[in-house]
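As a starting point, one isolated chain is supplied in structure tokens, in the form predicted on its own.
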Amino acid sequence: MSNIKLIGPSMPDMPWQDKPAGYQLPVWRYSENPIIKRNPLPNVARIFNSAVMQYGDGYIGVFRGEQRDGMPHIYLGRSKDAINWEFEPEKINFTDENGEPFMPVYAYDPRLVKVDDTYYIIWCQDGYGASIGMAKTTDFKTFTRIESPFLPYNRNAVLFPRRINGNYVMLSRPCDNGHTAFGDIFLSESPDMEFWGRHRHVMGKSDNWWESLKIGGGAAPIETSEGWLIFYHGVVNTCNGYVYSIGAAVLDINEPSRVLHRCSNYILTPEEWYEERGFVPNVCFPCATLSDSDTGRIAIYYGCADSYVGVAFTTVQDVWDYILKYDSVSLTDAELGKR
């Protein structure tokens, strides 16, 4: 199997634990999971499905805070080690382009991606139906909302961390207004973060049991020497409800609607108590990664049972070898995604 390298900055201080002796799978959990437990703030019952990244001399994150009245909002958190987090007590105050307050009715499952010199927060919200919310910041002090990129109904949007062929590129998952029982990943492009088009299909559910109902975008794509590495969620419907697992695939570096490789096996599925038992049981939901180009190390941040945040580790070589070993890319995956 070929060698693969991460393309990007060094992050020597990112969280890390070596693979346990004798462990056979490509992804292993942090031994101290969950890193964020219940009731983390006075008015917040649970934090989960949240995104983090390196910032300044530490780390910063946007967190889904499920308030005691059941409404989700986005909170800001900071950390020196990306494991132990301190949260601002009030939810993020979003404004419009004129600096006037402009709060979403509710907001959940945020992603955080830096493109050029701007940080973008992307979340799910009520935009007269399930839709995508977006905001930008350069200092994590002021947060300016951007018009929703798509019509309802849509969820699970995540930006690529750089422009491709001059355009911003974003993955999303069209859906319905309920707890969607279907869903494929699509890709859209924009020259200016305002007008979006060139919508193309990336990949859909498969015959693999763990992603046989629907799939959706997860962490921001990671640039590698062999293409864009993505971690996404796959869902199966069982007699006891939905089960969310984490999958992995590699997209073409210049035409990311083309899937080059797709692992038929999940790389992480609910097995530990904090993944199997919670407000919504049996959920592993990826929203962010940290990676170090010098060592190839990757830390995956994922929501656990809609109640906690967990971390898992891999290396780009470990996960690449596993994807190739169990590659099941289909003709539909490999096509350009337009008809």
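This one's a predicted model, so the numbers in the text were calculated from it and none came from an experiment. One rule holds for the numbers: they count along the sequence shown, beginning at 1.
The same protein has a further form, the form predicted in complex with a small molecule, not shown here; the description that follows concerns it.
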| Want to guess which of 262-270, 104-112, 203-211, 130-138 is within 4.5 Å of the small molecule in the model of the complex, heavy atoms only? | 104-112
| Thinking of Y244, V280 and V283 as one candidate spot, does the small molecule come within 4.5 Å of a heavy atom in every one of them in the model of the complex? | yes
| Does the small molecule come within 4.5 Å of any heavy atom of N49 in the model of the complex? | yes
| Would R29 sit within 4.5 Å of the small molecule in the model of the complex, counting heavy atoms only? | no
| in the model of the complex, does E276 have a heavy atom within 4.5 Å of the small molecule? | no
| task | Tell me, yes or no, whether R297 is in contact with the small molecule in the model of the complex, where a contact means a heavy atom of each within 4.5 Å. | result | no
